[in-house]
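A single chain comes next, written as structure tokens; it is the form predicted on its own.
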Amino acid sequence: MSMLLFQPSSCWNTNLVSKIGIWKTKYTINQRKYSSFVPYTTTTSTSKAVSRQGYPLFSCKKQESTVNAIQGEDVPIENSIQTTTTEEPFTSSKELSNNNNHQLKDAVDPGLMDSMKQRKQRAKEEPLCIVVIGASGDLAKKKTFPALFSLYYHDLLPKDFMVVGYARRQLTLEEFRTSIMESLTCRVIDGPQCQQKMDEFLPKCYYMSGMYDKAEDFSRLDELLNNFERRFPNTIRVDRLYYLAVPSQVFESVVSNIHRHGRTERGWNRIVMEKPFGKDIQSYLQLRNSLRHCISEDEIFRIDHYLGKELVQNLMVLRFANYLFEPLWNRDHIASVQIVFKENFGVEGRAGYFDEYGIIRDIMQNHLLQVMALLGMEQPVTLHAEDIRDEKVKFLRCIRTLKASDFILGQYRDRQNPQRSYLSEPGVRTNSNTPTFAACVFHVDNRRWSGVPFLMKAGKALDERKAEIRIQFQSVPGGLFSQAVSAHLPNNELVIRVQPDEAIYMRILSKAPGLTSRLEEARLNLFYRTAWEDSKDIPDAYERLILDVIHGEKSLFIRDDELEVAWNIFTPSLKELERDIWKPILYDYGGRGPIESDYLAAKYGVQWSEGD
């Protein structure tokens, strides 16, 4: 029996002792479906193998770019993914590369990166009602409906579905469909074909006006959904997805009415919630407790769109699928980690919301902290959502509680055009101290990261629009090349650019070409635009996340205890910063932000390196 073996990649991973293996998508025992993880084993017997944990092991068989686990079936050596013989015929490097690519496509097919073909197949199985609560708002028009349309024209929604917009605003059906159409676009198809898809999608969209706290309005909504479901009397399952594009203040009344008057008994009920989830630990716990009597944790999908971004999804693959990085991913080799979020515009229409929450709650406590958790966590036992989220929680619990002294706060102004200053934005309170810029440093008290500063910076109205991660490695010991350069040798740096122009590149030192011994910094580049033709069709984060809701995949969504730990990290510093003695430093619109953030980084021997 030929088995695919994986060897442990790092002595730093305390979770894996004898469980290294590969995921198969599904197998069936006694008519029940399981996700199968093949633990590491050294058995060579031709009889049915048994793991060290006592679970049966399965042979590997290639079929349509997936790995199927077939109980007790021996696979011929020539058809297996990896042979055990030490003698191999000569293969050219080109053939070897092609073979490796085919083997990788055949072997790696876990739920986190399953094939488009499988997703299309699963999407066809059950009729679906999608209800967008708050359908007349900007979030729904700019993100939710365009994402649903994109899933439709990629053939990823069920064959039978309906979309219902629900909001307080009085709109006719024609007005509602017109407002949706204005925001719909096609990334890879245009002209008549795109218009044809829009003409097919819009008749599936309906609108109902109602209040968020009135039971009779939700009863009318339920009757509309029931009329759709009655069209499928012979279908066992018909599902409902509620997308809450509304402020968190109305979560409780909306969820309570969905629980009493909007559930289907014929399939699953899932509710997607957008941040903010409270303003601090106390308000979050109050919100969580108010929802518990209406909905279970399994039915809640707390969305953070940053987890749906292509490069953020790639973090686990980069770390755990490449032998190169994981042995270096620790305090012995990494000097600092920088996570930077910059926007070159102000609050622009969100001033009322932003002035209440500020940049720390809006960006750092959720988006950037989630990125930090994926960077710092240990390798999960499997790719199951709970295993991934368990490791994120473990890492977050190791982060030292933040203090006010860990922050530098700023607020933008425009001396040339005062109307663009933050305090001149409509909806901003007079003399508001809400920060539009923040830089802070995190300390992680565990074996892997002790002593490594994690620096985080986020701001609006800065010099550029960019989100990136920079892992700066330790200096090269010894002075072999110290006489060849006049300055200190720059550290190697791994840069992961989340947006715009997705890229991964390594900054290294190289000898300059020619009759010289001069050293220059160079880059090993992986630019998505040029590396993959498919990069022209990178889906929006909301598309991936909504699709995962439909499929019940929760690895890219935030669990309740994860959010509780995140608020525990930030709440003490937020309360301290909101006292009158802590005022934001003014910085110019279009600049780099307060220079004091450079002093904060220098305190830990680090220099912000974005823009290099």
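A residue's number is simply how far along the shown sequence it sits, counting from 1. The structure presented is a predicted model; accordingly, all values stated were derived computationally and were not measured.
Only in words, not in the display: the form predicted in complex with a small molecule, which the text now covers.
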Only one of 519-527, 247-255, 448-456, 371-379 sits within 4.5 Å of the small molecule in the predicted complex by heavy atom distance, namely 247-255
Note which of Gly262, Pro490, Gly308, Pro276 lies within 4.5 Å of the small molecule in the predicted complex, where distance is taken over heavy atoms; exactly one does.
Pro276
Given that the small molecule is left out here, which of Arg400, Arg350, Arg292, Arg231 has a heavy atom within 4.5 Å of it in the predicted complex?
Arg350
Heavy atom to heavy atom, is Tyr212 within 4.5 Å of the small molecule in the predicted complex?
yes
Taking 4.5 angstroms as the cut-off for heavy atoms, does Asp332 touch the small molecule in the predicted complex?
no
Contact of Lys159 with the small molecule in the predicted complex (heavy atom, 4.5 Å)
no
Could you confirm whether Pro435 comes within 4.5 Å of the small molecule in the predicted complex, counting heavy atoms only?
no
In the predicted complex, do Asp138, Arg168 and Tyr542 all put a heavy atom within 4.5 Å of the small molecule?
yes
